[in-house]
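Here you get one chain, nothing else, as structure tokens; it is the form predicted on its own.
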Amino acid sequence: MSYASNDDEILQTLKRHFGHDSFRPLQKEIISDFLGGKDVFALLPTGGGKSLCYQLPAVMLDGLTVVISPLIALMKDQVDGLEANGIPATFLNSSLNKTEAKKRYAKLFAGEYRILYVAPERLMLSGFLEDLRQWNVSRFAVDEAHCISEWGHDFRPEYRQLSNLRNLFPDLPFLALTATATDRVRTDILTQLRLKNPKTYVASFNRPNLTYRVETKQAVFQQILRFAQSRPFDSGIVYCHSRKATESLADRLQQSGIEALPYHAGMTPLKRMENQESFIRDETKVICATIAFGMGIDKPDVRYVIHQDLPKNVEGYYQETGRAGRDGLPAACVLFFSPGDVAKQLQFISEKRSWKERDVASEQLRQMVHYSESSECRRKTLLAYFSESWPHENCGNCDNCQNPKKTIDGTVPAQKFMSCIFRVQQASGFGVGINHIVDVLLGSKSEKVLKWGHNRLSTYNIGQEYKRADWQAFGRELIREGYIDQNPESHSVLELTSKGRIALRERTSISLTQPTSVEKPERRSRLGQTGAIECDESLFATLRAVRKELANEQGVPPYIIFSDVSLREMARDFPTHEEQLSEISGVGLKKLERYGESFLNAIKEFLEANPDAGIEALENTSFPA
């Protein structure tokens, strides 16, 4: 089923129903092909506007667009947002009671909806596919399509059954959407969904509005507390490895005056839902969570994501940081790094049963450590993971580009470190871990050093010119650069590689990153300037209060009313009548009708109380008779 449309018609629909004058990269091409009846694979980064790619065609087409999504928590937000824009939509999932589900089924049979959200598990229930045949389905959209691949970071076995839809609906177009996928996962998606000659669109993974920073983890609670205190009005997510850590951190933040709540899989579903709702409605500013949190969150105004602990892999880290700044405004991503976290991860990896699992996990951890300790642009490292090259030397929006790390001639410390590994192996006939090598270099009198006679080695106590943390950093950098191998199956024992043995023998010149045991405190003025909207902050605060009041009245999250982008543009341009307000991004006809008067009155009252604030805007304003 295809639909012939022109560009003007698509743009008019975009403005009328969604309040936007232009598309984000690749949206228009994806929409045109999907409207034209083609199968489409689209990889757009978080915040790249995936939902619009099926929502806009659904408005222009007769029939029902079925959206398959694993994110039950997200379905209600999506439907609330569509209804706020005057688009009839619904969802079917386990959160509905029988009476409510029955009502929705009746409306589906009556053809009253344009969009239906459904989880893959329900799709395959007996009888449901037969119902679909009677609902005049015109399109299928598969969201979070990476869940279909066992090579992905979030594999869902039930997604494998989606290929059966092709048997029942062989002629309907399919749209597969994801925000994160390596080359291997992309290929698997196309194969498993049996897409027919699909048009493929892969947007840049670059999120220019996100600032990336890695700090040395020390008194991590105080580090997080200072960060949250510096942003009292901002929403943020802090990711922790364990359930216990989320509870402890949230409790300590609360005691320090920060509105914080925990979220993890060990809580009751009701409690998780309550805490999540409190966060998306701006009643709680900080969520302390395990990775169980975030995929079902459509909150666009998360201004920072903090990782208290080292993530297991780069793909998961990218996905989690991607929950910041989805509205395109500046947001910060901070990772606290500790060598101790690496050791913990290696221990977990060594306990895995399958050697294949251990190999995969070890390689993923190596890539994550490389990202954390590398002196090159963070953005370049992230994009390279997804096979995308970054053409610039300096992104200007990560710590390594804002404050480049200095390098030193590390030939001597590298020689000492590698020589110590060689001497220990030669003397004892077995290898040791990084901490033991550092103990020998620093002349430690620890039980193991003395027991194994390593205090008698020529490399004993020859490393006094550097601190313990510095030597550990040198060791990890030599591992990353391929001079040393670290074997997780043998208690993370260090071994010289052939490259390392040659460098040791020939005294090859080696550059190392100048160690910094303590990071400089955050300089807020340098964070996240890309995409900033300068505006009157007092008026912005006033408009946020109006938005919160309307959201509470209607029982929806504040961003369903208007995004921060819309409010900041209002606080910049001072619109005082409907024609001006309709020019603001995100103000479609339905929202103008529903909320316009409330926001216009607030702006006029603000200007009356603060005549100097909007003097330039007032000079250019013509009031209707």
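All residue numbers refer to positions in the sequence shown, first residue = 1. If you're wondering where the values come from, they're calculated on a predicted model, not measured in any experiment.
Separately, the form predicted in complex with a small molecule exists; it is not shown, and the next lines address it.
Contact check for G48: a heavy atom falls within 4.5 Å of the small molecule in the model of the complex. Proximity of L52 to the small molecule in the model of the complex: non-hydrogen atoms within 4.5 Å are present. For the chain shown alone, S22 is a contact residue for the small molecule in the model of the complex, at least one non-hydrogen atom being within 4.5 angstroms. Looking at P300, you'd find a heavy atom of it within 4.5 angstroms of the small molecule in the model of the complex. Contact with the small molecule in the model of the complex, defined as a heavy atom within 4.5 Å, holds for exactly one of R326, R378, R547, K285, namely R326.
In terms of contact with the small molecule in the model of the complex, the residue from T576, T65, Q27, S566 that brings a heavy atom within 4.5 Å is Q27. Here the chain stands by itself, but in the model of the complex one stretch of 57-65, 576-584, 592-600, 39-47, 39-47, has heavy atoms within 4.5 Å of the small molecule.
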